[in-house]
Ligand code: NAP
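A single chain, nothing else alongside it, follows as structure tokens in the form predicted alone.
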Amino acid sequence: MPGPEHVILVTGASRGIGAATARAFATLPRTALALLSRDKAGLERTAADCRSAGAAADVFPCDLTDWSAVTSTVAAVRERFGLPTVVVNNAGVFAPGGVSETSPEHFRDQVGANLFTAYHVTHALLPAMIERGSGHFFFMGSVASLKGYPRGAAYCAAKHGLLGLARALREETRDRGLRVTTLLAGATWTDSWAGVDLPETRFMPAEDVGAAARDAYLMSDRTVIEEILLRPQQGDV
């Protein structure tokens, strides 16, 4: 029996945009999904959704800020499904705080969760994907990758760094058969906005962000969408 045509690795896949992106890719035929985050129960829920859509899916609980954990998890993914064709670097966290009120520990934690996670996964998989000569890396950036926001010092710094990492990777791999896309998403209805005094309709649905990634992947290998800026219809929140 032939193996999967599409092997999709998604980080931060237990909820929100990561889960929605996994579900979007699960609609492709002959697809297997490797779902990563620290939340095993959340991953299992996403995996069940993906299987219901007809895809194979397995969960790989992992602290993506831990380099040794990432290397062992990537090895487990490759043993289970083979080398990914798509890597979605989505893992991240937002905690508010201005420059003066953000402690060094808090700053390191947000940069670790939003930037080092993507670097770790990319670094672990890149040599094999270059050797194969194909693959698509997605980085889940933000409008905070493009501009600063009050009380978002650590998050903005991390997301600016993430965009820089993606742009550098694009330049390094353009002649190696790899594609790199950054999604720059505005306010999206996820748990991060729980309790906000605004209607859900003021936000983008996470499913739209996931669909944008899937559709960018489906372009011919002669085309790469380098960056996609998505905002709510009424603008930033």
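Note that residue numbering begins at 1 and tracks the sequence as displayed. Everything numeric in this text was worked out from a predicted model, so none of it was measured.
Omitted from view is the form predicted in complex with this ligand, to which the following refers.
Using a 4.5 Å cutoff between non-hydrogen atoms, residue 63 counts as a contact of this ligand in the predicted complex.
Using a 4.5 Å cutoff between non-hydrogen atoms, residue 138 does not count as a contact of this ligand in the predicted complex.
Put simply, residue 30 is far from this ligand in the predicted complex: not one heavy atom of it is within 4.5 Å. Residue contact check for residue 37: one or more of its heavy atoms lie within 4.5 Å of this ligand in the predicted complex. Distance criterion of 4.5 Å from any heavy atom to this ligand in the predicted complex singles out 91 from the list 158, 166, 91, 87. Distance criterion of 4.5 Å from any heavy atom to this ligand in the predicted complex singles out 113 from the list 113, 77, 153, 129. Contact annotation: this ligand lies within 4.5 Å of heavy atoms from the stretch 191 to 199 in the predicted complex, the single such stretch among 191 to 199, 172 to 180, 22 to 30, 48 to 56.
Along 164 to 178, a non-hydrogen atom within 4.5 Å of this ligand in the predicted complex is carried by no residue at all.
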